[in-house]
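Here we start with a single chain on its own, the form predicted alone, put down as structure tokens.
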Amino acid sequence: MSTAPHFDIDLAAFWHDPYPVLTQLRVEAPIAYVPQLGGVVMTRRDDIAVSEKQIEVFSSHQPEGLMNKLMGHNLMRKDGEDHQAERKVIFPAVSPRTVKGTWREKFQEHTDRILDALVPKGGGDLSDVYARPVSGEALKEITGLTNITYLQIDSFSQGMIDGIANYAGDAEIEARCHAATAGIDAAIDDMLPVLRAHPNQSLLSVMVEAGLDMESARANVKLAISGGQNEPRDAIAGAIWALLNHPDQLELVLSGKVSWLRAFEEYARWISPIGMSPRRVAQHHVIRNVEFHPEDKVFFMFGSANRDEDYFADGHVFDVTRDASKSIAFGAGPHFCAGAAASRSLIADVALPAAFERLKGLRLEGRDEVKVGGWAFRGVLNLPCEWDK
């Protein structure tokens, strides 16, 4: 076991708001063993940025990890040539060129249709009635699973992310995860004949066309759904919430002084939708007298790195004028998020500007508190809003 100092946390409080504890850890024990998580957490940006590239030590290959057991062996849990080979296979589906030439138009079509129905209503929970369907419809297109609803996509995603963060071993959470993966397999089986007859730029189609084995293809579709729904969904809702709570900063964006992309990047730094990424120690290693031993479990705390005082002054403050280029919200090494271009386009090019353009007088409803939760995955849980009919 690692020689990192032990640091106990209240897991429920950590889920509600991890940032006070993460701030304390960066100062007192930037590398610490947390018994409640069963692993070592790294909380400083430099440690994470360096260690994430050291795949021979901090391996993504985790045969006994929850993701492998519950979702299959996807490219996120492979290293080196195996990872790069599968990343090359999926690239045509998520490349910046494909995003710009194929997906952005689809994103806009779905978003416009959703807003057409919302505008006359004058109010609603934008997390539920806007961010969820916008993200879900986009992900249906990208994955190729256009035979299911956005609500199914959302349910499958939530079931899996709850499952792979189920470090307490809750049997009910695990059962929901198994139901989600079974639902995805059924949807894949239904779409395979269609995509074989009519190939397109979707993730499933390009993997089939490239001859990737179906076990890996299924695992990669599940990976795309597990992260490709909840993270854009939470970032869309969260960025709207942040901007409405900071009207001076919203005005900077609306006036064109700050881009929508910069506002999104700052939100993703401030409240990182992906708060953590796990690794398995593959060989003995030492960082500042802290020893790591084979099979130790390590958590790279991206949410902490993105508020590291050495890089972000007043990191707890949402500031769209900030230089967030040192943020590692999408990762910092060979496992940098493959869907980053699609995420940026969906959120910064389409979802955020469309919401503020079409929902005139958009404002927080005020009667219900906006709640935020999670540490491995974090986002707003509700967003009650009003707008002019």
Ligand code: HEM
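Keep in mind the model is a prediction, meaning the values are calculated, not measured. Residue positions are given as counts along the sequence shown, with the first one as 1.
Beyond what is shown, the protein has a form predicted in complex with the ligand; the following relates to that form.
Trainee: I'd like to check something about E52: if you look in the predicted complex, is any of its heavy atoms closer than or equal to 4.5 Å to a heavy atom of the ligand?
Mentor: Yes.
Trainee: Given that the ligand is not shown alongside this chain, does S205 nevertheless sit within 4.5 Å of it in the predicted complex, heavy atom to heavy atom?
Mentor: No, S205 stays farther than 4.5 Å from the ligand in the predicted complex.
Trainee: Can you tell me whether F330 touches the ligand? I mean in the predicted complex, with a 4.5 angstroms heavy atom cut-off.
Mentor: Looking in the predicted complex, residue contacts with the ligand include F330, since a heavy atom lies within 4.5 Å.
Trainee: Does the 4.5 Å heavy atom contact test between S277 and the ligand in the predicted complex come out positive?
Mentor: Output for S277 is yes: heavy atoms within 4.5 Å of the ligand.
Trainee: Each of E231, F264 and C337 near the ligand in the predicted complex, meaning some heavy atom within 4.5 Å?
Mentor: All of them do, each having a heavy atom within 4.5 Å of the partner.
Trainee: Would you kindly say which of C177, L75, I148, M191 lies with a heavy atom within 4.5 Å of the ligand in the predicted complex?
Mentor: Among C177, L75, I148, M191, a heavy atom within 4.5 Å of the ligand in the predicted complex occurs only for L75.
Trainee: Could you spot which one of H246, H285, R104, H83 gets a heavy atom to within 4.5 Å of the ligand in the predicted complex?
Mentor: Contact with the ligand in the predicted complex is made by H83 alone.
Trainee: Any idea which of 23-31, 38-46, 338-346, 360-368 reaches within 4.5 Å of the ligand in the predicted complex, heavy atoms considered?
Mentor: One stretch meets the cut-off, namely 338-346.
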